[in-house]
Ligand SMILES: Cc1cc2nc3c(=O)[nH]c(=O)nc-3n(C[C@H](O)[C@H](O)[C@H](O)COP(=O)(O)OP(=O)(O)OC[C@H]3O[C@@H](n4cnc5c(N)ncnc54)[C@H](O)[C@@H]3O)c2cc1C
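Take a look at this single chain in structure tokens; it is the form predicted on its own.
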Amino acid sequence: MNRVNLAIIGGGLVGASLALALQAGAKARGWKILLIEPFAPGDSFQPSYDARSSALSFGTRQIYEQLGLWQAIGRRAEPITQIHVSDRGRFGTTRLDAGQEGVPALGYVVENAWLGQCLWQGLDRDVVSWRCPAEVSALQAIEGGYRVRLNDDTLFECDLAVLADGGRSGLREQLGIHVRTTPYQQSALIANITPGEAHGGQAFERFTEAGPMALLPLPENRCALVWTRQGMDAQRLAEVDERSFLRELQGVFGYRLGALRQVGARHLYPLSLVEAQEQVRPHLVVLGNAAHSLHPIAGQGFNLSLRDVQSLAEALLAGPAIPGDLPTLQAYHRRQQLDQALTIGFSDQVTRLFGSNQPLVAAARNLGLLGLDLLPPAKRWFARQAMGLGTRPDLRSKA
């Protein structure tokens, strides 16, 4: 039966990043990596008005620089030079500025299709082989690894299986890995917007009585909207005509970027905080959204997963010649536990704090935003969290 050293199940942004982070060391060790992905990437990048995007923190840029990939990614990465945080109907507001933090940008917004293509084109085919399109139908623990069955009944074995198949991982459930789910009773409405004025690299985090929203800068003077609303209200906004939608969005966001001119396709995503109760077993790692899925408003989910990727790659390449031993995987998980706890806690508390309409909470929130401008150390801490530098000393020291 065919055997590989690592089987990465899910070749999306997280799985492909892990393959890229491992491939140089894997080549030196003679490891073979198999990347299994249901959706084949296109042969070439096709720009689209409606392309979904990800917010990459400055810390994520540092990781991709170490992997030699940032130059390619950066060609279509829109820098975030300022973040404007406000609470609708209240005086509390603060601005985070890249210049004040001593970095070229607080973060970047990149179309997922472009990021995915850069990752896949960076893979070394001598080390990383693909099964794409393909899906794993069954995963079985065996002595010294896992047996993997694909949907075409192909069987092979691996020393280490990495589960990176997303927040609704069927394989995670099949293996009996329980999750803790905390519903937010909200949905995120995602769409691209064209403003009347140049966004100038500004990102906006706006908190309202109906839910938080983010407007992030994109190339071609578009903006990526993430608008969090209650279930039925979110469905209504997804279905109203374009003119009515823009009018309602304008009333909540205001005219900071002039009149909003165009909205693209609208998509709804129910929101929950999902945390896997196990992230490592002998010869198994759960990674990405399969390990933890966060509220999108703070923009921390993918950036945390990439730090997990970096830590896992470093642990594996410093470990035994055959990957998958439990002590190495446990050491990786211990290293990332604090980062995960702080990042998940920060994201969850920001979501809850700014989603509450209780008068005392709203007043405290307003004072907190005012206090950030009055207390430079607090503002710098908040900026470091937003940039993905607050929980990892190895990244923080380089900014």
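Since the model is a prediction, treat every value here as computed from it, not as a measurement. Just count from 1 along the sequence shown to find any residue number.
A second form of this protein, the form predicted in complex with this ligand, is not displayed here; the remarks below concern that form.
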Note: exactly one of 179, 85, 249, 136 sits with a heavy atom within 4.5 Å of this ligand in the predicted bound form, namely 136
Among 323, 217, 299, 107, which has at least one heavy atom within 4.5 Å of this ligand in the predicted bound form?
299
Just one of 256 to 264, 97 to 105, 162 to 170, 273 to 281 has heavy atoms within 4.5 Å of this ligand in the predicted bound form; which?
162 to 170
Counting only non-hydrogen atoms and a 4.5 angstroms cut-off, does residue 335 reach this ligand in the predicted bound form?
no
Mark residue 188 yes when one of its heavy atoms lies within 4.5 Å of a heavy atom of this ligand in the predicted bound form, and no otherwise.
yes
Does residue 212 make contact with this ligand in the predicted bound form, using a 4.5 Å heavy atom cut-off?
no
In the predicted bound form, does residue 48 come within 4.5 Å of this ligand, counting heavy atoms only?
yes
Hey, which residues along 5 to 34 are within 4.5 angstroms of this ligand in the predicted bound form, non-hydrogen atoms only?
9, 10, 11, 12, 13, 14, 15
